[in-house]
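The chain below stands alone, shown as structure tokens; this is the form predicted on its own.
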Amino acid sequence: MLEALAAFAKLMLYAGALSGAGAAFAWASLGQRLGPVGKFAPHIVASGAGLTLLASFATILILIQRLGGEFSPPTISAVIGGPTGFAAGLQLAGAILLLAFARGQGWAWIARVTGGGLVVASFAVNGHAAAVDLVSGIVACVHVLATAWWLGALLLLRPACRQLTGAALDQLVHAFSRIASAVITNLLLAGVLLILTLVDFSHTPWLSPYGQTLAIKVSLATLVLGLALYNKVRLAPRLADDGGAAAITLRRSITAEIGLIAAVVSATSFLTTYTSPHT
């Protein structure tokens, strides 16, 4: 039962962290090009931050239950002093910043990006990669950062396909594509490095539960990348010329892309809860 609750808490954490921090990053980087779509950003940031707060508290409570269920000083000290407690502290601090400045104007974007950065940094101190060494933890952090920006940008692009038309939508999508090229490159490099670090290829890793779940995650991620490439090569060039048909198709494609990312996140929550690369 605790394992199932832990997996669900991780799923909430991943969803909240990626959407809340990602929307803050994407909002800051796409800026004025969002136009009226910018009004959706505070809601995404706040919702993601709220989910992150709930997931962080749930993770701490589950860990306490695993340690015996007593809220005694030794138990609390063990939780706070461990990597899970440190990560939860970063997540709570970052989520509070995101919530406090979700609707702020002007320089509030710095607080939002800082809050998102704290949330993302938590993945560098806790998890399979962090257990290997600090460098692997930092690589995992880069991987999460890239994923967060990508998801956050997609969550803003989706309503943009309905709110914006013609040149405005074309400019936003092209700005997204320029940044996404660098982001996805870093995401892929970090992902490959993590696999090479965590998976022991001297044996038969794809026959282990971890290897099988990882293979499913990689397959889903490949589908996401393929869909993103289709959007960039086939749909984006048509946005300014076909009277809105491409925008409708792009919106549907982005919806599918977000759904596939959700599947990848679900696989990750299972992967990190029920399996280990070291067994």
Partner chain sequence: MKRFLTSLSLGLALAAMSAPALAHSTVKGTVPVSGSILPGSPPEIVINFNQEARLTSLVVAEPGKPERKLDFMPGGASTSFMAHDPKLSIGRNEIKWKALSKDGHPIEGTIIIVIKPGATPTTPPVQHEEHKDH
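Numbering follows the first chain given and starts at 1. Predicted model only: the values in this text are computed from it and were never measured.
Another form exists, predicted in complex with its partner chain; not displayed. Remarks below refer to it.
Across the proposed site, Ser19, Ser219 and Ser266 without exception lack any heavy atom within 4.5 Å of its partner chain in the predicted complex. Checked against its partner chain in the predicted complex, the residues Ala46, Leu63, Ala240, Ala228 give one hit for a heavy atom within 4.5 Å, which is Leu63. In the predicted complex, Leu196 approaches its partner chain with a heavy atom inside 4.5 Å. At the 4.5 Å threshold, heavy atoms of Pro159 stay clear of its partner chain in the predicted complex, well away from it. By the criterion of a heavy atom within 4.5 Å, Gln171 is excluded from the residues contacting its partner chain in the predicted complex. Interface residue remark: Gly68 is counted as part of the site for its partner chain in the predicted complex, having a heavy atom within 4.5 Å.
Only one segment in the set 178-186, 151-159, 87-95, 109-117 has any non-hydrogen atom within 4.5 angstroms of its partner chain in the predicted complex, and it is 178-186. Heavy atoms closer than or equal to 4.5 Å to its partner chain in the predicted complex belong, across 125-140, to the residues Asn126, Gly127, His128, Ala131, Val132, Asp133, Val135, Ser136, Val139, ordered by sequence position.
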